[in-house]
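For this one, two forms of the same chain are given in structure tokens, first as structure 1 and then as structure 2.
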Structure 1
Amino acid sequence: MRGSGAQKVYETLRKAILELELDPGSPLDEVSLSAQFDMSRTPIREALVRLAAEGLVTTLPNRNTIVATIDFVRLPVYFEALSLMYRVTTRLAAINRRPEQLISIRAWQAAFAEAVERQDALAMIASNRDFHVAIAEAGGNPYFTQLFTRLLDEGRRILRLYYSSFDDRLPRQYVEEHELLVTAIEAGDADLSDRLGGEHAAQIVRQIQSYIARDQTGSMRLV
């Protein structure tokens, strides 16, 4: 069990940040964290350094570190990167997919469909993320997979802000779109996968943007 201390702190904090249990901007004090995890400050610091490198926390030099804020000004740039990664990972998956990866993709698609049936928004967000990560891994390019994973995780935080506004029309549409994606990947049709991935991304971007426009606090709060 040696060497698992910092790892455990890292994973716990990462999960807490992504699931918004820790509010963006809230301070992370090393000493209170060390008391909370019943460990010394050293592994805490290592976890914070790693999270900072990932962009999930911001370290203020000689002061404290805070949970990274969700910058709504950067949202267009975020959508831009997300869309491209949707397209390229889906395209590559259509080219490089292997049977066992298709099984994994189908499994997450089933989990997502089940979450939609249960109207479980949190499970939807999580399984949707894993579904697309599985596609990215089938694409076989770790550079894209890493960036995409980071973007999807950041997206979890954004989606979590709006998950209460989910109605059940769009998620069912997502299930269908996912189904088309999987079919195109299985068929090995790169251009079709690319196009479907782009449309799927555009659809999601439109949804989030309409949610943001709906509650006008979006531009002021949660800095």
Structure 2
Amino acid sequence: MRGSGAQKVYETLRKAILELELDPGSPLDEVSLSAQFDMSRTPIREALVRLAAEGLVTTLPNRNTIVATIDFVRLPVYFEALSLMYRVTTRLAAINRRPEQLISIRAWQAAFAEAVERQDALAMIASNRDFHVAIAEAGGNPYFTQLFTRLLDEGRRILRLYYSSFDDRLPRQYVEEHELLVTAIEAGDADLSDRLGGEHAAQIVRQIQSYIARDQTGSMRLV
């Protein structure tokens, strides 16, 4: 019973954080959460530990827990690393992919396309992440896979801003970009895969930067 309670708290808070319903920097008090969910502090604490492992909450030196901030000052450095990983993992996948890995990549792309059709932003974020991790795994370099996975996980709320810039109605052309990536990987064309990976990353970065620049509300505590 305790495990199911922790799971409920985890899922509820995770959704609120990823949907940006809980602003970055918002306090997460165990006592208040215990009253909100009508359960003891133990499952609350377990849920917060899981969220901390995903980088979604931060425990401060005074032991208070807050929603992890988004450091927009460091975004250019983050985007640089992310763009490089898009390119190198897609290139290596074109060289090293195995048939069963292509099946997995195709399956995640289908899940992403379906989520886009439903305008389900959280499902888009999850399936997009798993799609690119599957490509990285097909590349065969576990160090690149580990780094890219970490970058994708750290950027989930940034990706939420990306989908918000389209009001969650992602244009079909961006689904087709995934299709082009898969086709290039299947064909074993490393140079084309590299170029498409870079272009895919570049349009995401441009869209997010444009969205941030025109957001004048100032309502969200980012750093």
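Each form is matched to the other, and the largest set of C-alpha atoms that superpose within 1.5 Å is called the rigid core. The structure displayed is predicted, hence computed values, not measured ones. Numbers follow structure 1, counted from its first residue as 1.
Each structure shows the same chain on its own, and structure 2 is the form predicted alone.
A two-part rigid motion is described between the two structures, in which the smaller part turns by 25 degrees against the larger.
Aligning the rigid core between the two structures leaves the CA of V49 offset by 10.0 Å.
Once the core is aligned between the two structures, the alpha carbon position of P61 differs by 5.8 Å; this is the C-alpha shift at that site.
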